[in-house]
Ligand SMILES: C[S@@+](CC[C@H](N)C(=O)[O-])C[C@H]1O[C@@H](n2cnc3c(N)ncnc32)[C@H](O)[C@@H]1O
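Coming up is one lone chain in structure tokens, specifically the form predicted on its own.
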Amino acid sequence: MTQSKLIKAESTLPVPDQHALIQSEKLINRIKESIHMQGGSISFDEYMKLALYEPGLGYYSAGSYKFGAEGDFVTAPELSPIFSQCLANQCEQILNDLGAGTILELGAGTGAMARDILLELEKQNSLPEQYMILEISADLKQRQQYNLKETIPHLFDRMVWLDTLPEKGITGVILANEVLDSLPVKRFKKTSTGFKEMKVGLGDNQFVWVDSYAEGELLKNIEGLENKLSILFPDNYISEINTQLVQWLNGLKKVLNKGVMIFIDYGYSAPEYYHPERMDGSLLCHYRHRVHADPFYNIGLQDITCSANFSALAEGADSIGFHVNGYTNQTYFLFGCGLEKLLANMDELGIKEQTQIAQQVRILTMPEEMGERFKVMALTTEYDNNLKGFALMDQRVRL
């Protein structure tokens, strides 16, 4: 997502239409039902899962338009085809090394990334045997199919849509662009009396934060994190932790027999993520290109995200047998994947097109835009080659 200024939700957000409000109310009632069934509160990761993924009602499962100017945010593939063309160059290397293979994209937005990757791979005579898209939203799946049939009809027969991860393992590439940030997380708080889990309950029939002492596996994870970082979290320090990350990765591991997984997302290494000055964590919500920090607003109509912890991703991947092949920021990755060559022919374009592309590249690569905020990590299994995307700068030492 491109960067936006943080605002207060209740004061300046656009008002949803009546249909959206009715849809939201249904989801609110579903979450309240879950809270009542569990004795008055639920963990935040469960709340986040319901708000984002509840079938037919959650943000990613229902039909609201999410991407581009008319949606809630803009992702790199929607911003410019150059992003996907660079990613295609990385896929081309992997597919060529493997002799052939499949690409599996996790959540494909409007289908723009799939379209531009396939067109670039076609130019290079390196098309995958299949391009799979795992899409849980029936509405998005329909839009993707329409868009791709309209724009690349001659490649449409290579497309396969899935509701769940494929049962049969694949050889090739798994792509996850802005997937990690939407994985449900638990929230915790350090207090003078110990660690608390920030759960979600009800007060005056509204969702509120409910603190309870962290215990069991969660407490073990938080204390282990504090020990590993060699710092003590200050009192009233709030942050997030994904306790299901290894389980989620293990599901992907079973799918990829041989090849590479590439994760692209905004995030940090653990020392940056849990810096003592980052007192309120990284929880953000996106609605109509406005960003705020209230997850109890416009429920089911707004995205809820947390920055990716790439140290945790690397550690979890290593624990189940993946190899962390590379880690860098988006700028270095794009240039490693041939951004400069893609821009070499700009002189042939008109001034207007040149200006437009220059602006797109600036947003993709400048540190204050997406260039430094977004990181790229490659995990490999049965694949040992050096990847071109990390040739200019590999920052694994920072993990």
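Note that residue numbering begins at 1 and tracks the sequence as displayed. Keep in mind that what you see is a predicted model, and the values were worked out from it rather than measured.
Below, we turn to the form predicted together with the named molecule, even though it does not appear here.
The partner is absent here; in the predicted bound form, the one residue of Ile320, Leu183, Leu202, Ile152 having a heavy atom within 4.5 Å of the named molecule is Leu183. Checking Asn177, Asn89, Ser307, Thr328 for any heavy atom within 4.5 Å of the named molecule in the predicted bound form turns up a single hit: Asn177. Residue heavy atoms within 4.5 Å of the named molecule in the predicted bound form occur in exactly one stretch of 32 to 40, 353 to 361, 334 to 342, 53 to 61, and that stretch is 53 to 61. At least one heavy atom of Glu135 is located within 4.5 Å of the named molecule in the predicted bound form. Within this chain, Thr75 lines the site of the named molecule in the predicted bound form, having a heavy atom no more than 4.5 Å away.
In the predicted bound form, at least one heavy atom of Gly107 sits within 4.5 Å of the named molecule. Not displayed here, the named molecule is kept clear of Ile262 by more than 4.5 Å at the level of heavy atoms in the predicted bound form.
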